[in-house]
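In the block that follows, a single chain appears as structure tokens, in the form predicted on its own.
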């Protein structure tokens, strides 16, 4: 009898995960875990090693979506090529667009680079603006607040825990941003080019100037003519840094670097996209270190 009482007390003191949460990308997954703690099981659907526009819609993802209580997506059209068919096929009313368990993070972010018009002639542009906002470390508190509100809505019994976790995380992140900003203040006046416009939010936050992209248009492979024009632009403006992402081909960036004397820096677009970016803070530290070196 005593053993039964002790077991009952032990079980009553244990915290069991209340919610199954799927996020489309790693950075959102980490923020969700920071806020949800032991009350959430977090699954990241898209590997940070691959192009976030084109995650392979494997059947295994259907099983994950089928059991989810909450789906958190980046939005802004970033998942348009792979997520909608999976949501429709998951047979889970909780996470359908507009349902209580569906959270589009782009609705909480001020999107930049919003096109005045959309046409295939402009390449693979996003009508709502540039969706790669998570490269700005100041977006993290915005994410955290939106996630906390949604978790509290779905699991009101644990709302105080989510709020405590949020307050603790925001305090920690505020301290980190002060240190990070001081570091960035020592790394000014960088002229860069990118392969794809992945880092516009970071560049805007820290006032770097981009002189073009290796892609002539979003989603369009570089042509010889465009590459030569970009080389001339870089020489004219003393651009010495090429921001190369992990998933596009690297041959063109190397060719341009050889012609201009620029350095190719492989920059992560998401947490865990490169080895050094193994935590949320290290994700941003790696961006800064590789731009500032």
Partner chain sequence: MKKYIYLSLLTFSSLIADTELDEIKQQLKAQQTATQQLETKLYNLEQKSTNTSASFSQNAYLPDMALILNMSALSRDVKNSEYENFAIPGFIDAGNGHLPFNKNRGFNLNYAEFAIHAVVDPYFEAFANFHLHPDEFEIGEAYVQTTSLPYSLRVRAGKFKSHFGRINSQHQHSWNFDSQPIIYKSLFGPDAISDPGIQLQWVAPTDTYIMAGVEALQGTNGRSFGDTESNNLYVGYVKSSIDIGEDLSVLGGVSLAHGENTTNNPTDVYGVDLTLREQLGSYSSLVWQSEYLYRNKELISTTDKQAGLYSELVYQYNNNYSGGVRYDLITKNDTDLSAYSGIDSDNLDRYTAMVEYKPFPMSRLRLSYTYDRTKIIAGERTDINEVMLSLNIAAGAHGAHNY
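Numbering follows the first chain given and starts at 1. Every value quoted in this text rests on a predicted model; they were computed, and no experiment measured them.
This protein has a second form, the form predicted together with the partner chain, left out of what is shown; the following refers to that one.
Stretch 53-61 is the answer when you ask which of 53-61, 25-33, 227-235, 254-262 has residues with heavy atoms within 4.5 Å of the partner chain in the predicted bound form.
Heavy atoms of residue 81 reach within 4.5 Å of the partner chain in the predicted bound form, making it an interface residue.
A residue is said to contact a partner when one of its heavy atoms sits within 4.5 Å of a partner heavy atom; residue 220 meets this definition for the partner chain in the predicted bound form. Although the partner is absent here, residue 47 sits close enough that one of its heavy atoms falls within 4.5 Å of the partner chain in the predicted bound form. Heavy atoms of residue 91 reach within 4.5 Å of the partner chain in the predicted bound form, making it an interface residue.
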